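Single chain ahead, by itself, as structure tokens, in the form predicted alone.
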């Protein structure tokens, strides 16, 4: 069975009908673009994903990245794919043309990443890290640093990484021990070891420019004393030519559960005392600078979670349509009845619709956040800029944590759809699950995202950002209430959003009291609940858009007849039924979870360590 990717029609629906991204072209920044350009871009991205990246999917898992004689080699098929990726300028889809980008909206960047990561998540990591590092050099670099590094990093000729984690300092970055000593020429001597460095070394580029967190000798402990440095693998001379090896060595690559084609490296800096780097930005501003990249990558990882879900679902649907097994339940006692495709069985349909509900909702969520980034970019009003950027910041931990949790769930359910075959390497879904699992861990584990949501994001601007968010939901609820067939669903989403607001108040108050430990023990349940409410909102929004489109597609015919004979009618009817399914059967679970959060059960923090068992 051929591998398949995200639903083209649904991508178009979200972009053009739900989010109406064509309206962005009214802004000066995008005035030279139009929806036809957007569609062409997405078609080209799909062509690259289908014709080139999917072909690397299996090989990259079986061969993986290997360390030979101190150098990392990627799967052979990656070289052609990476060359074409760079030639298409896909690394900088949403960057300004002044720095070599395509100048497209951020929401298009999310849509293309879904295709690329869905085709091969391991491959997509190299591009993500390269772009993220380049963005740091673009924003915080000196004119000389930008000239020296940015063109080659943004073109993909040189790679990039994110060097934070150390053996004794994982999520606790402030405990790092990598040091920097200033030299007479203004450079710094770097010494230390970094672990779990994605794309830390590989042979698709001629150089890798590492952003490295380190503490300047004598600076204070903790995150406040951390600076960040530009450390080339191969030294770059003032004229841009490559010099000598810069005492940066990959000493090991990790053997992992998935993403075998992605080189996850242990990097040694300065083992021979000859590693140099340039200070990026100001001293002791390292965490502030690096978090710019972290936030970008967390949103990208959210799209990776969506990509895993959409690829797993697309393959599972195709399999369910082809796999013959058992008789139709209405003819189960008829020994002469033929076997039917498993998509006819009610429980398989339940699983598929639950998977579809997550995939569609996650697509709308992640694309919507991309649109908010664009709105913040183009808004002339400072208040609007603040509002849209606030929505991006608020929903970043949701995109990262909720999208990846549900991405893994959908991939797991895809294995269940395939049955025993799904557990074998003959079919793609077991690899999709193994690859997708990393998204719940890197760029800040999902538990950390829940803590970030509670500890930092809910209280932004004295809670006004969260209020603005609830206001966005209310706008959709009011639109839906005008449509009789959607009014009941609108009421349920309204109820869930109001309860979310109440839960946020209770949890936020507890976090500022003697119940602080219990509050953070319940932060994950709140994050899940907020994600469910957002998906309820997204599905209601989809239904509001789909309702008049369905009536138009029906052309006055009975809806059932129209659905049976028209692809458009079937698509829009599917939007409304998926919304019904999520809002009526999945969203109610969030109401119970919010009750549990507000009960502020403290057993998790009260239990003695020894009570966990031996």
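Note that the coordinates shown come from a computational prediction; the quantities given were computed from them, not determined experimentally. Numbering follows the first chain given and starts at 1.
One more form of this protein, predicted in complex with a small molecule, exists but is not displayed; see below.
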* Asked: Using a 4.5 Å cut on heavy atoms, which of 443, 374, 360, 114 is close to the small molecule in the predicted bound form?
  -> 443
* Residue among 418, 235, 196, 409 with a heavy atom within 4.5 Å of the small molecule in the predicted bound form -> 196
* To do: Answer yes or no: in the predicted bound form, does the small molecule come within 4.5 Å of a heavy atom in every one of 264, 438 and 451?
  => yes
* Hey, in the predicted bound form, is residue 259 touching the small molecule, heavy atoms inside 4.5 Å? -> yes
* Asked: So in the predicted bound form, does any heavy atom of residue 165 sit within 4.5 Å of the small molecule?
  -> yes
* Asked: Can any non-hydrogen atom of residue 170 be found within 4.5 angstroms of the small molecule in the predicted bound form?
  -> yes
* Given that the partner is absent here, does residue 129 sit within 4.5 Å of the small molecule in the predicted bound form, heavy atoms only? -> yes
* To do: Considering the small molecule in the predicted bound form, find the one stretch among 134-142, 278-286, 157-165, 331-339 with heavy atoms no farther than 4.5 Å from it.
  => 157-165
